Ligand code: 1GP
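The chain that follows stands alone, in the form predicted on its own, written as structure tokens.
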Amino acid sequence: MRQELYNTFIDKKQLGKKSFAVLIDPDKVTPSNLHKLIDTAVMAKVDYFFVGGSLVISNHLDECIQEIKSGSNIPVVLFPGSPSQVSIYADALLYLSLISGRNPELLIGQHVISAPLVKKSGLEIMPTGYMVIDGGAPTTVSYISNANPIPADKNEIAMCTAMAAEMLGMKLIYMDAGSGAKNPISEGMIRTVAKHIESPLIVGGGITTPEKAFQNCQAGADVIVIGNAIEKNVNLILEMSDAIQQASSTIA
């Protein structure tokens, strides 16, 4: 199984370098603002584009990824909300298991359905333990998944969940407060989880300021994912990138 992109996650983690991923929901971009977003991401030296969403009701997934590829050399990683969100134009796919919930469809059921399509796609597959953390507001992912998020103050539950996923062979751990979260994941929870796993830790949801991105990096996040905040202010990409790069140099 290919591991080229996954190895960049590992290499950066071992070097203490923090990464910045811009999350693009194809339902929420137009050709004009997508162009500006791509140009700004290139200028900011963003590490990854994550593409996907809980619904993706438009038919623009392939077109969105092709536009990104034509305008940059930044790797595109699929962040799928359903088995239908697979595109051969991407570089890799986060093969998500919703380990924070107990819905068997999102632990293994949908993976069984999607396996032939995913295998045929030729994408690099990165098994990912996906943990939804309560962000203080109902989110699309919680509604669609029919699964309760991990309470925001239960650091030990998050820690044990991440440890179990790692021992089950998942290569990445993704902690997400969800799109539109009122409250981001606490530094205490990030620190507790990061201390007890060796896998790269991805953190997203509710991160709206460079200061918060910096703090999350210091707490142990290896990859910071920003989506909603950038949709409102694309120039925030530059500020977020500076904060994440500063965290890398501080920690190193």
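Being a predicted model, the structure only gives us computed values, none of them experimental. One-based numbering along the sequence shown.
Separately, the form predicted together with the ligand exists; it is not shown, and the next lines address it.
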Exercise. So in the predicted bound form, does any heavy atom of Ala181 sit within 4.5 Å of the ligand?
Worked result: yes
Problem set entry | Residue contact check: Gly206 to the ligand in the predicted bound form, 4.5 Å heavy atom | yes
Exercise. Does Leu61 make contact with the ligand in the predicted bound form, using a 4.5 Å heavy atom cut-off?
Worked result: no
Exercise. Any of the heavy atoms of Ile190 lying within 4.5 Å of the ligand in the predicted bound form?
Worked result: no
For this session: Using heavy atoms only and a 4.5 Å cut-off, determine which of Ala194, Val225, Leu34, Ile65 is in contact with the ligand in the predicted bound form.
Result: Val225
For this session: Within 4.5 Å of the ligand in the predicted bound form, counting heavy atoms only, one of 170-178, 150-158, 114-122, 67-75 shows up; tell me which.
Result: 170-178
Problem set entry | 4.5 Å heavy atom contact with the ligand in the predicted bound form for all of Leu23, Phe79 and Tyr130 | yes
